[in-house]
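You are given structure tokens for the same protein chain in two forms, set apart as structure 1 and structure 2.
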Structure 1
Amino acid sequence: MANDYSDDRLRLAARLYYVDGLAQNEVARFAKVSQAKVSRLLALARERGIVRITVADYEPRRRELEGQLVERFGLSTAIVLKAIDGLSSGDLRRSVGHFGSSAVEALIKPRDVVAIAGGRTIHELVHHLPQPANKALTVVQAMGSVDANVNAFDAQEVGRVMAQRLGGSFLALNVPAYMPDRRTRDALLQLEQVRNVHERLGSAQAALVGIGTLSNSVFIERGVLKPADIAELERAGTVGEICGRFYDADGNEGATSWRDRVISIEVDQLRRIPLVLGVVSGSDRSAAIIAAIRGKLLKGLIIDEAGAIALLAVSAAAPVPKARKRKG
């Protein structure tokens, strides 16, 4: 039986494997067991405390880059995560989400109202939030559904997960994000259920948002924006998108027909939220990030190191007014 193995035999196996670097088949010969049982001996050695594995601490953040971003842009916080060169976009998002989640959890205070958008990197971050927690949050969906095919990356799904992991309730904005015309949009906003959720966004203390562009937006990816819409947004000087709100280089929402048809958190609501964290992976959205900071749509940033380096390089040629810091 496995429990009949003496501590001395377990010490022998552990010494040969962990200290002397022998292969498991060699350990088997010394310990007089079959090779198949060596893994069990090593596991027992850990269970009995004969082997205590320690790992040197890994610092996942680039603190010097964080300081540069805070100083350059006047952000309340910047979280820059290390990433191995050559990661796929999916693995990069997972890395940012995994290592950024604990920092986000620390920034969100008990009983905060948190506005949340959708997105792949936000999805990874939310699913890595530490639990259990009991922050008694109110998590509010920051924009309507992109289309009828709701997936795990959409705001209504990541919002539910965040409320479950950190503790609290979730308020869903149960409408499409994009209406056929302004009249329909305004009529929906008058419905009590929709109006109450939309107004609650205005009382948020924190928000998690993604940042898109006209070449990298969920609305384009899923065919919601038509060629005529894209052309109109281009004429308006669009450089970025947050929660379906397309804005120009100064962070102002363009006066387009699209603006009059979207149901989501409004630009002025975003500006009033003390902590709006942009969650980004990749280095293709520097102009959109700078414009959002210039327009006071962002107060904090979670980004990978390559993205941070690209952002600092672009901003060196285009000074950005500093954002106001969160109080308290």
Structure 2
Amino acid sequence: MANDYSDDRLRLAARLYYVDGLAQNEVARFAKVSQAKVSRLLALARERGIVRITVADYEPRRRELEGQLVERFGLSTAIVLKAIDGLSSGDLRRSVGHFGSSAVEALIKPRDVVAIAGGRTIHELVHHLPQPANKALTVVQAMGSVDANVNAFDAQEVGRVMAQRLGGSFLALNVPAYMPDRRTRDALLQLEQVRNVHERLGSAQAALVGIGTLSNSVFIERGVLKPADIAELERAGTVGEICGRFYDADGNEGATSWRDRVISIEVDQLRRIPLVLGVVSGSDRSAAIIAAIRGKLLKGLIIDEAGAIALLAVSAAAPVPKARKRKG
């Protein structure tokens, strides 16, 4: 009649439900309680380990592809996540985020300083990080804010969540991502609040970054780049972008006016970070990724299998430095 969460009660319910296959309704009659309570009893039984559900391991990674990427591109780390063919880009990001998060969690050591960029895939990944951890990280925003209305994908938000999830503090870069001119930009960089954070980026042990292209980056998406900017970047041979840094096929940042206006981690700072992980979902970034690797802007990749395959296919056609072999 009264509150009775004895093990025997829980076992009765669990046995009838899981072993004998009765519906909660029927279990309720045996136990003389409401169906609602049976639901609660079962939840408790699972929690207390009276009911144990084990699932044969699912291997979410494509280890052979990881090996090939490491070998072909001289990466220190490659995480290739399985993904069903034909997923929408949203679901693909979700897959990469879901299964990539545990790998990332394993790669980041306690007390690390981590530079972090925004982006949808990174957002997805960060939101799947295990909740109860205390790594005492320092998570540092790697690029200013693209515009005033902050959305969930922005570095500011993503970094905050990461620090909260893995435990640690978040250092925000409380400035716009770009200024009208170099002078203003430099002035801003001198501000103590900004300078401290910006310098901190150089001492990071790890970074999580997305990779953009000239036709597909957050700056295009939000209409930040003017036609003149785009033309200039094109002239500079831009093939990709990381944290607002546009680079050419060798992974070098072009000397454009944009370069002088952006506020984000410097290319040289990035090169100094031992573990810069590019987080990518999709197969349309191969050239940008290859160039970034060539320029030492990236040391590792987290990518879906189709993306990895595309990358390998492209590089087979156009050799990259450090490539030791070519297929067939």
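Fair warning: this is a prediction, and the values are worked out from it, not measured in the lab. Residues are numbered by position in structure 1's sequence, first residue being 1. In this text, the rigid core denotes the largest set of C-alpha atoms whose superposition between the two forms falls within 1.5 Å.
Taken from the structure described as the form predicted on its own is structure 1, whereas structure 2 is drawn from elsewhere.
Here the chain acts as two rigid units, and between the two structures the smaller unit rotates by 31°. The two forms, fitted on their core, place the C-alpha of residue 52 5.6 Å apart, compared between the two structures.
Relative to the superposed core, residue 11 has its Cα moved 12.0 Å between the two structures.
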